[in-house]
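The chain that follows stands alone, in the form predicted alone, written as structure tokens.
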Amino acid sequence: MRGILGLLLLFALLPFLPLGAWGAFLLDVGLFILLFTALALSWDLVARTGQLSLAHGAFFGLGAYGAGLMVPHLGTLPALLLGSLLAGAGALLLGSVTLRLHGLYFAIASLAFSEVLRTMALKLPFTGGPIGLPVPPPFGGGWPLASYYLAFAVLLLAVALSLWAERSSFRLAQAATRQSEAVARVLGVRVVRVKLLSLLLGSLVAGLAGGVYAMKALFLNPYEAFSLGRAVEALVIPIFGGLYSTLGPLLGGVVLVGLEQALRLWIQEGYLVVYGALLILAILFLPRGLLGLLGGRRG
């Protein structure tokens, strides 16, 4: 818990630290760490039921487009809320149809869901189609740190939900569902309801992250908003940091997103080669993620 509080305090105070000439760049990196770590925590919340979701890119995109379309008419906070609810509605639709599927079958169905939404965003006229959609900055651009602290608020919500699921009786229901759905049903766990609630909570956070991202980027296109890479990033960060925990995705997000931005700056064109090689080495030699490494050192 101290590690979680320490990281949150660091991000809360980051804009006020003496960052020098790198201040603007480091704040942008910090904002992306906040958003993608929140997305990773939302994916981990679903993974605790044993489901491999590739739909978090879709939830991210729904939140981004929902907020981007509504912010000129309703303002920043109502638009973010509506974007999040749109992502939640998408999760309920997906879950009601597919959550009786298991493992790889659910992963394929969730990936198909993402592709359908991306195709719709390309074809519908009000989304801007392949040309894209301009998005106003939060609060009309009057507060330079608005995007950063909105991203921080999304991370706080993701951490709160993760800790609740980790420390309440809901953790037992998720663990039983993950280990064996048949046994969980015998024990009285409503398996489909547990999986659907986990997917819904994860999608709401992912939608909020997408909405803040849209207001930071100031422009959306379907290839970026509904990118498969976004779903993969949401999956890789918890695996790298440590699954089924709150601290694991937090550590994974700080290290991986920070490393990606640093490599993008130093190596530019070939940064993905180095980034991919480091991920392969981490998966091979850190099967339990950073939390496993830290636990081993403590032992």
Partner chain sequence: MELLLQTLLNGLLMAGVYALVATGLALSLGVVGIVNFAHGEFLMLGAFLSYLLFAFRGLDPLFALGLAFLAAFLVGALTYWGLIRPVLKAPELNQMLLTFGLSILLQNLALLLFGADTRVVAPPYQAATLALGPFFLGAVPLGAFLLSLALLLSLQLFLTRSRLGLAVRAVAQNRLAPGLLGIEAEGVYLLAFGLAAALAGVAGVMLSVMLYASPSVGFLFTLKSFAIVALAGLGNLKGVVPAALVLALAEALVSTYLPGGGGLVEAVFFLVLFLALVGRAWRGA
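Since the model is a prediction, treat every value here as computed from it, not as a measurement. The term rigid core refers to the most C-alpha atoms you can superpose between the two forms while keeping them within 1.5 Å. Residue numbers count along the first chain shown, from 1.
What comes next is about the form predicted together with the partner chain, which does not appear here.
**Student:** So, S245 and the partner chain: in the predicted bound form, are they within 4.5 Å at any heavy atom pair?
**Tutor:** Output for S245 is no: heavy atoms all beyond 4.5 Å of the partner chain.
**Student:** Residue-level contact is defined here as any heavy atom of the residue lying within 4.5 Å of the partner chain in the predicted bound form; does G276 satisfy this criterion?
**Tutor:** Yes, G276 sits close enough to the partner chain in the predicted bound form that at least one of its heavy atoms falls within 4.5 Å.
**Student:** Any of the heavy atoms of T119 lying within 4.5 Å of the partner chain in the predicted bound form?
**Tutor:** Contact check for T119: yes, within 4.5 Å of the partner chain in the predicted bound form.
**Student:** Are any of the heavy atoms in E115 no more than 4.5 Å from a heavy atom of the partner chain in the predicted bound form?
**Tutor:** E115: yes, in contact with the partner chain in the predicted bound form.
**Student:** So which of 74-82, 224-232, 164-172, 206-214 is the stretch with heavy atoms within 4.5 Å of the partner chain in the predicted bound form?
**Tutor:** One stretch meets the cut-off, namely 224-232.
**Student:** Which pick from L200, L111, V189, L156 sits with a heavy atom within 4.5 Å of the partner chain in the predicted bound form?
**Tutor:** It is L111.
**Student:** Have a look at V257, L31, L69, L54 for me and say which one sits with a heavy atom within 4.5 Å of the partner chain in the predicted bound form.
**Tutor:** The residue from V257, L31, L69, L54 that makes the contact is L54.
**Student:** Is the partner chain close enough to I4, L14 and L293 in the predicted bound form that each of the three has a heavy atom within 4.5 Å of it?
**Tutor:** The answer is no; none of I4, L14 and L293 reaches the partner chain.
**Student:** Verify the C-alpha shift of L19 between this form and the one not shown: is it 2 Å or more after superposing the core?
**Tutor:** Stays below the 2 Å threshold, so no.
**Student:** Is there a C-alpha shift of 2 Å or more at L263 between this form and the one not shown once the rigid core is superposed?
**Tutor:** Passes the 2 Å threshold, so yes.
**Student:** If the two forms are fitted on the core, does L10 show a Cα displacement reaching 2 angstroms between this form and the one not shown?
**Tutor:** After core superposition, the C-alpha of L10 moves less than 2 Å between this form and the one not shown.
**Student:** Given a change of 3 Å or more, say if the Cα atoms of L279 and F25 sit closer or farther in the predicted bound form than in this form.
**Tutor:** Compared with the shown chain, L279-F25 is farther in the predicted bound form.
**Student:** Distance change of 3 Å or more between the C-alpha atoms of I283 and V255 in the predicted bound form: closer or farther compared with this structure?
**Tutor:** Between the C-alphas of V255 and I283, the gap widens in the predicted bound form (3 Å or more compared with this form).
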